[in-house]
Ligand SMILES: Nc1ncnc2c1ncn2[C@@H]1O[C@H](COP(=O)(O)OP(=O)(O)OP(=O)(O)O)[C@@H](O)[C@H]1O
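First, one chain by itself: the form predicted on its own, in structure tokens.
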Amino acid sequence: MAIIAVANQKGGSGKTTTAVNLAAALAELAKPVLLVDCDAQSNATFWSGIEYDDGHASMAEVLARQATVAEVARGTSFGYTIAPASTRLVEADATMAGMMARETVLKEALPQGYNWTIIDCPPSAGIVTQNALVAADYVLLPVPCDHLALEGAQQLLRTVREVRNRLNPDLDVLGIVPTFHTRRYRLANEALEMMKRLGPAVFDTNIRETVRIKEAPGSRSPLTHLPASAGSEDYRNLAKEVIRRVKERE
């Protein structure tokens, strides 16, 4: 079983888009798959067809040590199971601040039995993100193909080093996923080349910027369950590359 935290401290990186569509693409290839939504915006939950703040327990209760992930997890129509978020997650960092062993809450609550667990992290370096990095075997970093996004990537890599040094020595950076790539734009290609100098290996799969990707959340369906598009092709290719990289490292 591989646990992958999809993380970037800056919003608008394609983090949730990557978490949802990677989970759906992996579910086509290597079930069972669990998607854990740790972002209070609850976008992965909404995109997966689950109503957030509907009265059911969520990851907010898990991180408050009031439930386990297995107890809040719910099935979807897309081949994967989701542990949904809720807006109550905005209080999670404050709730956990006074806990003993607060960085290991998520690790202790995750169930066994999934081939793949994908964690959608919040766009911050707070206690919730630290929990995801402590629970994970790997971190996957979506980075938009623009120069300003590279600083956010460097910030996250510093956080990963700190977590590895203090809390999870086995945490490995699986790689950087270039997102919002438009090949015909010179600046996008320059940013892509700069990513390759950050250290972690850049995935061969670049997630192209398309209208379909922007519209997909409104359909409440992953790209792999919509008519064929560049986005569905890219995320299926990314899933295959993720599987290959994990097998090589294990």
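Just so we're clear, the structure is a prediction, and the values are computed from it rather than from any experiment. Residues carry their position along the shown sequence, with the first being 1.
The protein also exists as the form predicted together with the ligand; that form is not presented, and the subsequent description refers to it.
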{"query": "Any non-hydrogen atom of residue 217 within 4.5 angstroms of the ligand in the model of the complex", "finding": "yes"}
{"query": "Residue contact check: residue 205 to the ligand in the model of the complex, 4.5 Å heavy atom", "finding": "no"}
{"query": "Contact of residue 209 with the ligand in the model of the complex (heavy atom, 4.5 Å)", "finding": "yes"}
{"query": "4.5 Å heavy atom contact, residue 114 and the ligand in the model of the complex", "finding": "no"}
{"query": "The single option of 79, 175, 152, 123 touching the ligand in the model of the complex, heavy atom within 4.5 Å", "finding": "123"}
{"query": "Proximity to the ligand in the model of the complex (heavy atom, within 4.5 Å), stretch among 23 to 31, 36 to 44, 49 to 57, 66 to 74", "finding": "36 to 44"}
{"query": "Those residues of 1 to 35 which, in the model of the complex, come within 4.5 Å of the ligand by heavy atom", "finding": "10, 11, 12, 13, 14, 15, 16, 17"}
